[in-house]
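Next up, C-alpha coordinates for two forms of one chain, structure 1 and then structure 2.
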Structure 1
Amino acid sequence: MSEGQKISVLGFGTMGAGIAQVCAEASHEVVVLETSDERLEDGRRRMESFLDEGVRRGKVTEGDRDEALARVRGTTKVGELAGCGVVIEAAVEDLGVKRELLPAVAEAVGEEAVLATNTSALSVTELAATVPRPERFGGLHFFNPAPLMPLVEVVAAEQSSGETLDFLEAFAEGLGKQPVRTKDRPGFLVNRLLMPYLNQVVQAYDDGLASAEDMDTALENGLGYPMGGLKLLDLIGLDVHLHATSAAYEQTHSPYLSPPPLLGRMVSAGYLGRKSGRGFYDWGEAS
(Lines of atoms letter the chains of each structure in order from A and count residues from 1; the text may use other names and numbers.)
(Lines give C-alpha, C1' and ligand atoms only; values in the text may rest on other atoms or scores of the structure.)
Protein backbone atom coordinates (compact mmCIF):
# COMPACT_ATOMS: atom_id res chain seq x y z
CA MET A 1 0.00 0.00 0.00
CA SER A 2 1.31 3.41 -0.93
CA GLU A 3 1.77 5.77 1.97
CA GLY A 4 0.55 9.31 2.06
CA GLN A 5 -3.00 8.85 0.86
CA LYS A 6 -5.62 11.43 1.53
CA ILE A 7 -7.89 10.16 4.28
CA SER A 8 -11.05 11.62 5.70
CA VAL A 9 -12.11 11.02 9.29
CA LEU A 10 -15.69 11.95 10.14
CA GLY A 11 -15.91 13.21 13.71
CA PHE A 12 -13.25 14.61 16.03
CA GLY A 13 -14.37 13.07 19.32
CA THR A 14 -12.23 10.64 21.31
CA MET A 15 -12.29 7.94 18.64
CA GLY A 16 -12.09 10.35 15.70
CA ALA A 17 -9.09 12.13 17.19
CA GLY A 18 -7.36 8.83 17.92
CA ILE A 19 -7.99 7.50 14.41
CA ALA A 20 -6.87 10.77 12.82
CA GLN A 21 -3.66 10.57 14.84
CA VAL A 22 -3.00 6.96 13.85
CA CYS A 23 -3.51 7.83 10.17
CA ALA A 24 -1.32 10.94 10.37
CA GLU A 25 1.43 8.99 12.15
CA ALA A 26 1.37 6.55 9.24
CA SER A 27 2.09 9.49 6.89
CA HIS A 28 -1.43 9.90 5.54
CA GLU A 29 -2.85 13.33 4.95
CA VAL A 30 -5.99 13.61 7.09
CA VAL A 31 -9.02 15.85 6.75
CA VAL A 32 -11.38 15.70 9.72
CA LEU A 33 -14.99 16.71 9.27
CA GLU A 34 -16.91 18.17 12.21
CA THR A 35 -20.10 20.15 12.67
CA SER A 36 -18.55 23.30 14.16
CA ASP A 37 -15.24 25.10 14.47
CA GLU A 38 -15.49 24.72 18.20
CA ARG A 39 -15.66 20.94 17.93
CA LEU A 40 -12.76 20.97 15.50
CA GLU A 41 -10.70 22.91 18.04
CA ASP A 42 -11.67 20.50 20.82
CA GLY A 43 -10.64 17.55 18.68
CA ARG A 44 -7.36 19.11 17.75
CA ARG A 45 -6.59 19.85 21.40
CA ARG A 46 -7.42 16.25 22.27
CA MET A 47 -4.97 15.02 19.65
CA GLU A 48 -2.30 17.47 20.73
CA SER A 49 -2.51 16.54 24.37
CA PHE A 50 -2.38 12.84 23.51
CA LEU A 51 0.74 13.39 21.40
CA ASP A 52 2.27 15.65 24.07
CA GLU A 53 1.79 12.85 26.56
CA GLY A 54 3.57 10.54 24.12
CA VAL A 55 6.48 12.99 23.92
CA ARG A 56 6.57 13.30 27.71
CA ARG A 57 6.79 9.52 28.02
CA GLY A 58 9.45 9.34 25.36
CA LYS A 59 7.26 7.31 22.97
CA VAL A 60 7.02 10.02 20.33
CA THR A 61 9.69 12.51 19.25
CA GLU A 62 8.82 16.18 19.08
CA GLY A 63 9.50 16.10 15.37
CA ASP A 64 7.09 13.21 14.81
CA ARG A 65 4.45 14.94 16.86
CA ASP A 66 4.76 18.16 14.86
CA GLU A 67 4.71 16.27 11.56
CA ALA A 68 1.63 14.29 12.57
CA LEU A 69 -0.19 17.45 13.64
CA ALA A 70 0.78 19.17 10.40
CA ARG A 71 -0.82 16.36 8.39
CA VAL A 72 -4.23 16.82 10.03
CA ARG A 73 -6.57 19.62 9.15
CA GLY A 74 -10.20 20.17 10.01
CA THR A 75 -13.19 21.32 8.05
CA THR A 76 -16.89 21.82 8.55
CA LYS A 77 -17.62 21.59 4.81
CA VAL A 78 -18.37 18.19 3.30
CA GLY A 79 -17.29 19.47 -0.10
CA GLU A 80 -13.69 19.77 1.11
CA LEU A 81 -13.46 16.00 1.43
CA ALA A 82 -13.24 15.69 -2.36
CA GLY A 83 -10.14 13.78 -3.33
CA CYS A 84 -10.07 11.56 -0.24
CA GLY A 85 -9.54 7.93 -1.23
CA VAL A 86 -10.55 6.52 2.15
CA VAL A 87 -13.22 7.70 4.59
CA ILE A 88 -13.43 6.52 8.18
CA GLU A 89 -16.65 7.48 9.89
CA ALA A 90 -16.34 8.04 13.65
CA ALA A 91 -19.34 10.26 14.27
CA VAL A 92 -21.70 9.98 17.22
CA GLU A 93 -23.30 6.52 17.61
CA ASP A 94 -26.68 7.60 16.29
CA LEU A 95 -28.19 5.90 13.28
CA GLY A 96 -30.08 9.04 12.23
CA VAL A 97 -26.92 11.14 12.20
CA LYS A 98 -24.89 8.58 10.28
CA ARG A 99 -27.69 7.97 7.80
CA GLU A 100 -27.68 11.62 6.90
CA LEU A 101 -23.92 12.07 6.96
CA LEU A 102 -22.76 9.06 4.93
CA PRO A 103 -24.61 9.74 1.64
CA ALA A 104 -23.48 13.38 1.71
CA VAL A 105 -19.85 12.32 2.22
CA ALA A 106 -20.15 9.61 -0.41
CA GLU A 107 -21.28 12.19 -2.90
CA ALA A 108 -18.36 14.49 -2.06
CA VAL A 109 -15.65 11.82 -2.33
CA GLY A 110 -17.05 10.05 -5.36
CA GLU A 111 -17.73 6.40 -6.15
CA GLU A 112 -14.11 5.23 -6.11
CA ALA A 113 -13.43 6.03 -2.45
CA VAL A 114 -13.50 3.21 0.10
CA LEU A 115 -15.85 3.95 2.96
CA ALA A 116 -15.48 2.54 6.45
CA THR A 117 -17.31 2.99 9.73
CA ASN A 118 -15.87 2.77 13.22
CA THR A 119 -19.29 2.02 14.71
CA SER A 120 -19.31 -0.47 17.56
CA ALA A 121 -23.03 -0.75 18.24
CA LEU A 122 -24.76 -0.22 14.89
CA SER A 123 -25.08 -2.55 11.94
CA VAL A 124 -22.39 -1.99 9.30
CA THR A 125 -24.77 -3.46 6.74
CA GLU A 126 -27.43 -0.89 7.53
CA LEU A 127 -24.88 1.91 7.17
CA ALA A 128 -23.53 0.46 3.91
CA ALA A 129 -27.07 0.59 2.54
CA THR A 130 -27.06 4.39 2.79
CA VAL A 131 -24.42 4.92 0.09
CA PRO A 132 -24.16 4.20 -3.66
CA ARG A 133 -21.95 1.17 -4.46
CA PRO A 134 -22.24 -0.31 -0.96
CA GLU A 135 -19.73 -3.03 -1.89
CA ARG A 136 -16.93 -0.52 -1.17
CA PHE A 137 -18.19 -0.11 2.40
CA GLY A 138 -17.00 -2.01 5.50
CA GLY A 139 -16.36 -1.72 9.20
CA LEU A 140 -13.00 -0.63 10.58
CA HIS A 141 -13.41 -0.88 14.31
CA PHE A 142 -10.63 0.64 16.40
CA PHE A 143 -10.35 0.27 20.16
CA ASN A 144 -9.92 3.08 22.61
CA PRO A 145 -7.33 4.62 22.82
CA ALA A 146 -6.84 4.05 19.10
CA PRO A 147 -3.17 5.14 18.98
CA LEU A 148 -2.24 2.52 21.59
CA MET A 149 -4.52 -0.43 20.98
CA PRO A 150 -3.02 -2.74 18.36
CA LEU A 151 -6.23 -4.50 17.33
CA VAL A 152 -8.60 -3.39 14.56
CA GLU A 153 -11.67 -5.38 13.57
CA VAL A 154 -12.35 -5.43 9.84
CA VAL A 155 -16.07 -6.01 9.66
CA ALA A 156 -17.74 -7.45 6.58
CA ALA A 157 -21.09 -5.87 5.81
CA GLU A 158 -23.36 -8.17 3.85
CA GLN A 159 -22.61 -5.97 0.81
CA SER A 160 -18.81 -5.65 1.30
CA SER A 161 -16.77 -7.02 -1.59
CA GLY A 162 -13.73 -9.19 -0.94
CA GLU A 163 -11.67 -6.48 -2.57
CA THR A 164 -12.91 -3.89 -0.07
CA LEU A 165 -12.15 -6.15 2.87
CA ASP A 166 -8.67 -6.94 1.51
CA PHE A 167 -8.09 -3.23 1.09
CA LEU A 168 -9.23 -2.39 4.63
CA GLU A 169 -7.11 -5.15 6.08
CA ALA A 170 -4.02 -3.93 4.22
CA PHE A 171 -4.88 -0.36 5.15
CA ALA A 172 -5.03 -1.29 8.86
CA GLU A 173 -1.71 -3.11 8.55
CA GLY A 174 -0.27 0.00 6.97
CA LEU A 175 -1.34 1.87 10.10
CA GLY A 176 0.75 -0.57 12.13
CA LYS A 177 -2.34 -2.34 13.43
CA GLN A 178 -3.21 -6.02 13.65
CA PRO A 179 -6.48 -6.50 11.80
CA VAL A 180 -8.89 -9.37 12.41
CA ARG A 181 -11.76 -10.03 10.05
CA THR A 182 -15.19 -10.65 11.39
CA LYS A 183 -18.84 -10.63 10.47
CA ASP A 184 -21.37 -7.88 10.97
CA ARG A 185 -23.08 -9.36 14.02
CA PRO A 186 -23.81 -7.54 17.29
CA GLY A 187 -20.58 -6.74 19.13
CA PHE A 188 -18.45 -8.05 16.25
CA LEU A 189 -15.77 -10.20 17.85
CA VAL A 190 -14.33 -8.48 20.91
CA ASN A 191 -17.52 -6.98 22.31
CA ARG A 192 -19.46 -10.14 21.56
CA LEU A 193 -17.09 -11.89 23.95
CA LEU A 194 -16.79 -9.05 26.44
CA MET A 195 -20.41 -8.01 26.98
CA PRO A 196 -21.85 -11.29 28.33
CA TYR A 197 -18.89 -11.53 30.69
CA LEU A 198 -19.41 -7.98 31.98
CA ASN A 199 -23.12 -8.61 32.46
CA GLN A 200 -22.32 -11.77 34.38
CA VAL A 201 -19.86 -9.85 36.56
CA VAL A 202 -22.51 -7.26 37.45
CA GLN A 203 -25.12 -9.90 38.22
CA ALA A 204 -22.69 -11.94 40.34
CA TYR A 205 -21.76 -8.82 42.29
CA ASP A 206 -25.46 -8.08 42.82
CA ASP A 207 -25.91 -11.68 43.98
CA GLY A 208 -23.17 -11.23 46.59
CA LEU A 209 -20.71 -13.75 45.13
CA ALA A 210 -17.88 -11.68 46.61
CA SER A 211 -16.93 -8.09 47.34
CA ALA A 212 -16.02 -5.91 44.35
CA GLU A 213 -12.36 -5.96 45.43
CA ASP A 214 -12.26 -9.73 45.87
CA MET A 215 -13.98 -10.38 42.54
CA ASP A 216 -11.54 -8.15 40.70
CA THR A 217 -8.53 -9.53 42.57
CA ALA A 218 -9.58 -13.05 41.62
CA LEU A 219 -9.84 -12.10 37.95
CA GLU A 220 -6.56 -10.17 37.94
CA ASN A 221 -4.42 -12.55 39.98
CA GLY A 222 -6.11 -15.79 39.02
CA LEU A 223 -6.70 -15.27 35.32
CA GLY A 224 -4.14 -12.55 34.60
CA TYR A 225 -6.72 -10.14 33.22
CA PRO A 226 -5.29 -6.61 33.08
CA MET A 227 -8.22 -5.35 35.12
CA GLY A 228 -11.09 -7.00 36.98
CA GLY A 229 -14.54 -6.77 35.40
CA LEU A 230 -15.98 -4.22 37.83
CA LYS A 231 -12.96 -1.95 37.56
CA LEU A 232 -13.16 -2.25 33.79
CA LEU A 233 -16.84 -1.26 33.84
CA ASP A 234 -15.99 1.79 35.92
CA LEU A 235 -13.39 2.72 33.31
CA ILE A 236 -15.63 2.11 30.27
CA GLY A 237 -18.54 3.92 31.89
CA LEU A 238 -21.63 2.07 33.06
CA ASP A 239 -23.82 4.13 30.72
CA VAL A 240 -21.63 3.21 27.75
CA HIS A 241 -21.83 -0.49 28.56
CA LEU A 242 -25.58 -0.25 29.22
CA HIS A 243 -26.07 1.32 25.81
CA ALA A 244 -23.90 -1.23 24.02
CA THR A 245 -25.35 -4.33 25.66
CA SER A 246 -28.94 -3.03 25.26
CA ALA A 247 -28.34 -2.49 21.54
CA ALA A 248 -26.95 -6.00 21.19
CA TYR A 249 -29.84 -7.40 23.21
CA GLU A 250 -32.40 -5.75 20.96
CA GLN A 251 -30.90 -7.52 17.98
CA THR A 252 -30.43 -10.95 19.53
CA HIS A 253 -32.76 -11.27 22.52
CA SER A 254 -29.97 -13.27 24.10
CA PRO A 255 -30.41 -13.30 27.88
CA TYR A 256 -26.64 -12.90 28.22
CA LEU A 257 -26.78 -9.54 26.51
CA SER A 258 -29.75 -8.34 28.53
CA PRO A 259 -28.50 -5.62 30.88
CA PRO A 260 -28.60 -6.80 34.49
CA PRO A 261 -31.04 -4.74 36.59
CA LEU A 262 -28.29 -3.31 38.83
CA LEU A 263 -26.60 -1.75 35.80
CA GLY A 264 -29.67 0.32 34.94
CA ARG A 265 -30.18 1.29 38.59
CA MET A 266 -26.62 2.54 38.88
CA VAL A 267 -26.88 4.55 35.69
CA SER A 268 -30.16 6.08 36.96
CA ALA A 269 -28.38 7.02 40.18
CA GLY A 270 -25.63 8.72 38.21
CA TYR A 271 -23.02 6.16 39.27
CA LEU A 272 -21.37 5.92 35.88
CA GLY A 273 -17.88 4.94 36.98
CA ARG A 274 -14.66 6.90 37.04
CA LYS A 275 -16.02 9.80 35.03
CA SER A 276 -18.71 10.55 37.61
CA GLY A 277 -16.48 9.76 40.58
CA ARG A 278 -18.46 6.71 41.58
CA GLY A 279 -19.35 3.37 40.09
CA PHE A 280 -18.66 0.01 41.67
CA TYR A 281 -15.79 1.81 43.37
CA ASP A 282 -15.50 5.24 44.87
CA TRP A 283 -13.06 7.17 42.69
CA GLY A 284 -13.10 10.36 44.69
CA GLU A 285 -13.28 13.24 42.28
CA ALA A 286 -14.87 12.76 38.88
CA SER A 287 -12.33 12.50 36.08
Structure 2
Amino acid sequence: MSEGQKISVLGFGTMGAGIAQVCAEASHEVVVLETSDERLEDGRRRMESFLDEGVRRGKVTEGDRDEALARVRGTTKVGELAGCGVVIEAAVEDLGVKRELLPAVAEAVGEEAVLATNTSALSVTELAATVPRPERFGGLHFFNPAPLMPLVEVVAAEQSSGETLDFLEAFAEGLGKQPVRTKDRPGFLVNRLLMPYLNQVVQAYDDGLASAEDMDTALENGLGYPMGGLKLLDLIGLDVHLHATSAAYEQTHSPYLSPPPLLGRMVSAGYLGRKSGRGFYDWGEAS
Protein backbone atom coordinates (compact mmCIF):
# COMPACT_ATOMS: atom_id res chain seq x y z
CA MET A 1 0.00 0.00 0.00
CA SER A 2 1.41 3.36 -1.02
CA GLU A 3 2.01 6.27 1.31
CA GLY A 4 -0.47 9.09 1.70
CA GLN A 5 -3.66 7.02 1.77
CA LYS A 6 -6.70 8.18 3.70
CA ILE A 7 -7.35 5.99 6.75
CA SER A 8 -10.22 6.12 9.19
CA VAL A 9 -9.83 5.04 12.81
CA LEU A 10 -13.07 4.55 14.73
CA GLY A 11 -12.42 5.57 18.33
CA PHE A 12 -9.78 7.78 19.95
CA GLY A 13 -9.23 5.91 23.19
CA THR A 14 -5.94 4.28 24.16
CA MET A 15 -5.86 1.87 21.22
CA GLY A 16 -7.45 4.26 18.73
CA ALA A 17 -4.93 6.99 19.53
CA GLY A 18 -2.05 4.54 19.20
CA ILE A 19 -3.30 3.18 15.87
CA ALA A 20 -3.89 6.69 14.53
CA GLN A 21 -0.34 7.61 15.51
CA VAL A 22 1.13 4.54 13.82
CA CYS A 23 -0.77 5.29 10.61
CA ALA A 24 0.19 8.97 10.67
CA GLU A 25 3.85 8.14 11.25
CA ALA A 26 3.65 5.95 8.14
CA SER A 27 2.59 9.07 6.19
CA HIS A 28 -1.12 8.25 5.93
CA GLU A 29 -3.80 10.87 6.37
CA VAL A 30 -5.99 9.81 9.31
CA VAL A 31 -9.57 10.76 10.14
CA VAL A 32 -10.64 9.68 13.63
CA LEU A 33 -14.33 9.27 14.40
CA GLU A 34 -15.55 9.81 17.96
CA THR A 35 -18.85 10.45 19.70
CA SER A 36 -18.03 13.92 21.04
CA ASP A 37 -15.58 16.79 20.71
CA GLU A 38 -14.49 16.14 24.29
CA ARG A 39 -13.47 12.59 23.47
CA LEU A 40 -11.62 13.83 20.39
CA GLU A 41 -9.72 16.32 22.54
CA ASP A 42 -8.86 13.62 25.08
CA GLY A 43 -7.54 11.37 22.33
CA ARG A 44 -5.54 14.18 20.81
CA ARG A 45 -3.92 14.92 24.16
CA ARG A 46 -3.15 11.23 24.60
CA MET A 47 -1.44 11.07 21.23
CA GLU A 48 0.47 14.31 21.81
CA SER A 49 1.68 13.08 25.19
CA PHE A 50 2.95 9.83 23.71
CA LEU A 51 4.80 11.63 20.91
CA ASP A 52 6.24 14.20 23.33
CA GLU A 53 7.64 11.36 25.41
CA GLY A 54 9.19 9.95 22.24
CA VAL A 55 10.86 13.30 21.61
CA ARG A 56 12.10 13.44 25.21
CA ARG A 57 13.65 9.99 24.84
CA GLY A 58 15.23 10.86 21.50
CA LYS A 59 13.13 8.29 19.62
CA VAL A 60 11.15 10.87 17.63
CA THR A 61 12.27 14.23 16.25
CA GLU A 62 10.21 17.35 16.88
CA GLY A 63 9.63 17.61 13.14
CA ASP A 64 8.35 14.04 12.89
CA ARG A 65 6.07 14.63 15.87
CA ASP A 66 4.58 17.76 14.33
CA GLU A 67 4.10 16.09 10.93
CA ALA A 68 2.37 13.09 12.49
CA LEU A 69 0.00 15.30 14.49
CA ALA A 70 -0.79 17.36 11.38
CA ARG A 71 -1.90 14.23 9.52
CA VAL A 72 -4.57 13.38 12.10
CA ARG A 73 -7.92 15.13 12.34
CA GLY A 74 -11.05 14.25 14.24
CA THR A 75 -14.73 14.27 13.45
CA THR A 76 -18.02 13.33 15.07
CA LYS A 77 -19.78 12.97 11.70
CA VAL A 78 -19.75 9.59 9.95
CA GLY A 79 -20.25 11.27 6.57
CA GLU A 80 -16.82 12.89 6.79
CA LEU A 81 -15.21 9.46 6.44
CA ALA A 82 -16.06 9.41 2.72
CA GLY A 83 -12.96 8.74 0.65
CA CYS A 84 -11.22 6.61 3.27
CA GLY A 85 -9.80 3.47 1.66
CA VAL A 86 -9.14 1.64 4.92
CA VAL A 87 -11.22 1.68 8.11
CA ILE A 88 -9.86 0.38 11.43
CA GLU A 89 -12.52 0.02 14.09
CA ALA A 90 -11.18 0.58 17.62
CA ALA A 91 -14.38 1.48 19.44
CA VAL A 92 -15.34 0.27 22.91
CA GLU A 93 -15.47 -3.53 23.25
CA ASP A 94 -19.26 -3.68 23.14
CA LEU A 95 -20.88 -5.82 20.46
CA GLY A 96 -23.97 -3.64 20.30
CA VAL A 97 -21.93 -0.49 19.74
CA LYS A 98 -19.88 -2.09 16.98
CA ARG A 99 -22.91 -3.64 15.28
CA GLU A 100 -24.55 -0.22 15.09
CA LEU A 101 -21.40 1.66 14.08
CA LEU A 102 -19.96 -0.55 11.34
CA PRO A 103 -22.90 -0.52 8.89
CA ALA A 104 -23.14 3.28 9.09
CA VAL A 105 -19.41 3.64 8.44
CA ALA A 106 -19.50 1.07 5.63
CA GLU A 107 -22.20 3.11 3.90
CA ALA A 108 -20.17 6.31 4.26
CA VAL A 109 -16.92 4.91 2.84
CA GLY A 110 -18.47 2.79 0.09
CA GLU A 111 -18.09 -0.83 -0.92
CA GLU A 112 -14.50 -0.60 -2.17
CA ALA A 113 -13.01 0.29 1.22
CA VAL A 114 -11.33 -2.42 3.28
CA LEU A 115 -12.77 -2.72 6.79
CA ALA A 116 -10.94 -4.09 9.81
CA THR A 117 -11.61 -4.42 13.51
CA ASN A 118 -9.09 -4.15 16.32
CA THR A 119 -11.28 -6.18 18.69
CA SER A 120 -9.44 -8.51 21.05
CA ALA A 121 -12.46 -10.35 22.45
CA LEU A 122 -15.34 -10.35 19.97
CA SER A 123 -16.02 -12.49 16.90
CA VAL A 124 -14.61 -10.95 13.72
CA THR A 125 -16.97 -13.17 11.75
CA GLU A 126 -20.00 -11.75 13.56
CA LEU A 127 -18.81 -8.19 12.97
CA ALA A 128 -18.14 -8.90 9.28
CA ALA A 129 -21.76 -9.99 8.91
CA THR A 130 -22.92 -6.44 9.72
CA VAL A 131 -21.54 -4.85 6.53
CA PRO A 132 -22.17 -5.21 2.79
CA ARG A 133 -19.54 -7.30 0.99
CA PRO A 134 -18.21 -8.92 4.18
CA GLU A 135 -15.38 -10.53 2.21
CA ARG A 136 -13.52 -7.19 2.45
CA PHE A 137 -13.64 -7.35 6.29
CA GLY A 138 -11.02 -8.82 8.64
CA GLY A 139 -9.30 -8.40 11.97
CA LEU A 140 -6.29 -6.15 12.43
CA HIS A 141 -5.43 -6.64 16.08
CA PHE A 142 -2.76 -4.28 17.42
CA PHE A 143 -1.20 -4.66 20.85
CA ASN A 144 -0.91 -1.96 23.51
CA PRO A 145 0.90 0.39 23.20
CA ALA A 146 0.36 0.24 19.44
CA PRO A 147 3.24 2.59 18.51
CA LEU A 148 5.75 0.37 20.33
CA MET A 149 4.49 -3.20 20.01
CA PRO A 150 5.73 -4.74 16.75
CA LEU A 151 3.11 -7.49 16.35
CA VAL A 152 -0.23 -7.25 14.57
CA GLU A 153 -2.59 -10.21 14.25
CA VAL A 154 -4.37 -10.44 10.89
CA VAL A 155 -7.54 -12.32 11.75
CA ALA A 156 -9.47 -14.24 9.11
CA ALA A 157 -13.23 -14.04 9.52
CA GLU A 158 -15.14 -16.86 7.87
CA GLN A 159 -16.11 -14.38 5.13
CA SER A 160 -12.65 -12.78 4.62
CA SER A 161 -11.26 -13.20 1.12
CA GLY A 162 -7.65 -14.13 0.53
CA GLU A 163 -7.22 -10.80 -1.22
CA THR A 164 -8.39 -8.93 1.87
CA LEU A 165 -6.06 -10.85 4.15
CA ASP A 166 -3.12 -10.26 1.78
CA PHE A 167 -3.98 -6.56 1.76
CA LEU A 168 -4.19 -6.31 5.55
CA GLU A 169 -0.89 -8.13 5.93
CA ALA A 170 0.81 -5.78 3.46
CA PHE A 171 -0.81 -2.79 5.15
CA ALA A 172 0.54 -3.86 8.55
CA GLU A 173 4.00 -4.33 7.06
CA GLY A 174 3.76 -0.84 5.60
CA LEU A 175 3.20 0.46 9.13
CA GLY A 176 6.46 -1.18 10.17
CA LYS A 177 4.68 -4.03 11.97
CA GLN A 178 5.19 -7.79 11.92
CA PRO A 179 1.88 -9.41 10.93
CA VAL A 180 0.87 -12.98 11.77
CA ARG A 181 -2.27 -14.62 10.43
CA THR A 182 -4.68 -16.39 12.70
CA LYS A 183 -8.17 -17.82 12.56
CA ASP A 184 -11.17 -16.18 14.17
CA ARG A 185 -11.21 -18.04 17.47
CA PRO A 186 -11.70 -16.70 21.03
CA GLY A 187 -8.54 -14.83 21.95
CA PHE A 188 -7.13 -15.31 18.44
CA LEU A 189 -3.52 -16.49 18.87
CA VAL A 190 -1.60 -14.38 21.39
CA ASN A 191 -4.41 -13.87 23.89
CA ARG A 192 -5.47 -17.50 23.59
CA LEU A 193 -2.03 -18.35 24.99
CA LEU A 194 -1.74 -15.35 27.32
CA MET A 195 -5.11 -15.43 29.08
CA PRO A 196 -4.71 -18.88 30.72
CA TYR A 197 -1.23 -17.89 31.90
CA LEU A 198 -2.46 -14.66 33.50
CA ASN A 199 -5.41 -16.46 35.07
CA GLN A 200 -3.01 -18.96 36.63
CA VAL A 201 -0.82 -16.15 37.96
CA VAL A 202 -3.82 -14.47 39.63
CA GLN A 203 -5.00 -17.75 41.14
CA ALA A 204 -1.52 -18.58 42.45
CA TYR A 205 -1.35 -15.14 44.05
CA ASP A 206 -4.80 -15.57 45.60
CA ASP A 207 -3.71 -18.98 46.94
CA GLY A 208 -0.91 -17.21 48.82
CA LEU A 209 1.88 -18.91 46.90
CA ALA A 210 4.03 -15.76 47.00
CA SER A 211 3.84 -12.00 47.30
CA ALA A 212 3.21 -9.99 44.13
CA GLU A 213 6.83 -8.82 44.10
CA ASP A 214 8.30 -12.30 44.59
CA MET A 215 5.98 -13.85 42.04
CA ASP A 216 6.94 -11.32 39.37
CA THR A 217 10.62 -11.60 40.28
CA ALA A 218 10.41 -15.37 39.79
CA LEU A 219 8.66 -15.02 36.44
CA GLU A 220 11.12 -12.42 35.19
CA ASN A 221 14.34 -14.01 36.44
CA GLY A 222 13.34 -17.65 36.47
CA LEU A 223 11.41 -17.87 33.21
CA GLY A 224 12.99 -14.90 31.47
CA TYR A 225 9.76 -12.96 30.95
CA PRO A 226 10.39 -9.23 30.40
CA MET A 227 7.57 -8.39 32.82
CA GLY A 228 5.95 -10.45 35.56
CA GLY A 229 2.32 -11.45 35.15
CA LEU A 230 0.92 -9.23 37.90
CA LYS A 231 2.78 -6.17 36.64
CA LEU A 232 1.51 -6.98 33.16
CA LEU A 233 -2.07 -7.20 34.39
CA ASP A 234 -1.73 -3.82 36.08
CA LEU A 235 -0.46 -2.41 32.78
CA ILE A 236 -3.18 -4.02 30.66
CA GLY A 237 -5.94 -3.16 33.12
CA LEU A 238 -7.63 -5.77 35.26
CA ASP A 239 -11.01 -4.82 33.80
CA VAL A 240 -9.71 -5.31 30.26
CA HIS A 241 -8.38 -8.77 31.07
CA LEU A 242 -11.56 -9.71 32.92
CA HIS A 243 -13.69 -8.72 29.94
CA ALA A 244 -11.50 -10.57 27.44
CA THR A 245 -11.12 -13.81 29.35
CA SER A 246 -14.82 -13.82 30.33
CA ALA A 247 -15.83 -13.43 26.68
CA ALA A 248 -13.48 -16.23 25.65
CA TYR A 249 -14.79 -18.49 28.41
CA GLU A 250 -18.39 -17.87 27.39
CA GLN A 251 -17.57 -19.07 23.88
CA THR A 252 -15.43 -22.08 24.80
CA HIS A 253 -16.28 -23.06 28.41
CA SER A 254 -12.60 -23.92 28.76
CA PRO A 255 -11.61 -23.95 32.46
CA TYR A 256 -8.28 -22.40 31.48
CA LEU A 257 -10.13 -19.28 30.32
CA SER A 258 -12.39 -18.95 33.36
CA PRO A 259 -11.41 -15.73 35.20
CA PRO A 260 -10.33 -16.28 38.83
CA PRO A 261 -12.79 -14.91 41.43
CA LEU A 262 -10.16 -12.51 42.78
CA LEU A 263 -10.04 -10.76 39.43
CA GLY A 264 -13.74 -9.95 39.56
CA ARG A 265 -13.52 -8.78 43.17
CA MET A 266 -10.66 -6.41 42.41
CA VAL A 267 -12.47 -4.93 39.41
CA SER A 268 -15.59 -4.46 41.54
CA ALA A 269 -13.46 -2.61 44.09
CA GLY A 270 -12.09 -0.32 41.39
CA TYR A 271 -8.58 -1.76 41.57
CA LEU A 272 -7.91 -1.74 37.84
CA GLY A 273 -4.13 -1.35 37.78
CA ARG A 274 -2.04 1.62 36.78
CA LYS A 275 -4.93 3.61 35.32
CA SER A 276 -6.76 3.62 38.67
CA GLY A 277 -3.61 3.95 40.77
CA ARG A 278 -4.00 0.54 42.37
CA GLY A 279 -4.06 -3.07 41.23
CA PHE A 280 -1.74 -5.78 42.44
CA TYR A 281 0.65 -2.90 43.14
CA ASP A 282 0.18 0.62 44.49
CA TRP A 283 0.90 2.98 41.60
CA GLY A 284 0.07 6.22 43.37
CA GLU A 285 -2.14 8.64 41.44
CA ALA A 286 -4.24 7.23 38.61
CA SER A 287 -2.60 7.57 35.21
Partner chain sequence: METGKAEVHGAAEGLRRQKVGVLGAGTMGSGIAITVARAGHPVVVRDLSEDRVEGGLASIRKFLDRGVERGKLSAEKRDAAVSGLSGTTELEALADCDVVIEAIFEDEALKAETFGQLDEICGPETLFHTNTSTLSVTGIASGSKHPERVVGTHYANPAPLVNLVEVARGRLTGDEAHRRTIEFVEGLGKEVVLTKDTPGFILNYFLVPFENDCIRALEAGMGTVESIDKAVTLGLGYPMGTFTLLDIVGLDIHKAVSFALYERLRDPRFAPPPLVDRMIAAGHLGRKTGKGFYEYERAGLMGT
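In this text, all values refer to a predicted model and were calculated from it rather than measured experimentally. Numbering runs along the sequence of structure 1, starting at 1. Definition used throughout: the rigid core is the maximal C-alpha set that superposes within 1.5 Å between two forms.
Working note: structure 2 is the copy from the form predicted alone; the remaining copy is not. For the rearrangement between the two structures, modelled as two rigid parts, a shared rigid part is recorded for residue 130 and residue 65.
Comparing the two forms between the two structures, the rotation angle of the smaller rigid part against the larger comes to 9°. Superposing the two forms on their core, we find that the Cα atom of residue 209 is displaced by 3.2 Å between the two structures.
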